[in-house]
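Shown here is one chain on its own, the form predicted on its own, set out as structure tokens.
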């Protein structure tokens, strides 16, 4: 199966998943779209981990062309400067891989859905103050919930690979968890916010920084439109 997250697709339907499957030479593999901006790849990874046991390997992709969104007239320079284009992917396999998923949790709160939205043919809208307030509350809480279910504390985690929304939010989450800010991998200064692609890009770059000892725990986390947010805990394998 293929799960594709994109909040910047040029069409209402079909989304990019079917075209991606076709370009991979696949004619009957189910390819599903998750139009969940920012949190989509985390949600897809969590779902894929549950589905892989029954369906086999699942390719998760986050792909965004945010420049397509922010260039709509009238352009808001204060919003446009925040975003970038990008794509990332990972394979969730029921067998052995680079790491294994220990636990995950995803959540939704539609009460604030209007605070981060892209309507058909209209401009991107964001209540930045509301979004960072909700994210800085909800992300540490869900990370703690996942860790507590495993009898762990935040100090047991070697690295946090988070959606690269902005540095301020990552610093707030680190402070709320009482861990060093340096544990939160950051590439936001190079690419900006690439929405649902950002966490996968960050994960790839983090794994390229050097050999990661077996047994180390890595925490993935993301927050986005919906509101949707979640956490996935993984253990590095030897």
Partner chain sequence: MSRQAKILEIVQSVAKKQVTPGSDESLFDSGLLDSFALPDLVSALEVEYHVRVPDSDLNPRKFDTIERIESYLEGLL
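Since the model is a prediction, treat every value here as computed from it, not as a measurement. Positions refer to the first chain, counted from 1.
This protein has a second form, the form predicted in complex with the partner chain, left out of what is shown; the following refers to that one.
Exactly one of the stretches 78 to 86, 92 to 100, 146 to 154, 161 to 169 approaches the partner chain in the predicted bound form with heavy atoms within 4.5 Å, and it is 161 to 169. Only one of 123, 113, 108, 130 lies close to the partner chain in the predicted bound form, with a heavy atom inside 4.5 Å, and it is 130. Residue contact with the partner chain in the predicted bound form: residue 104 places no heavy atom within 4.5 Å of it.
The closest heavy atom approach of residue 72 to the partner chain in the predicted bound form falls outside 4.5 Å.
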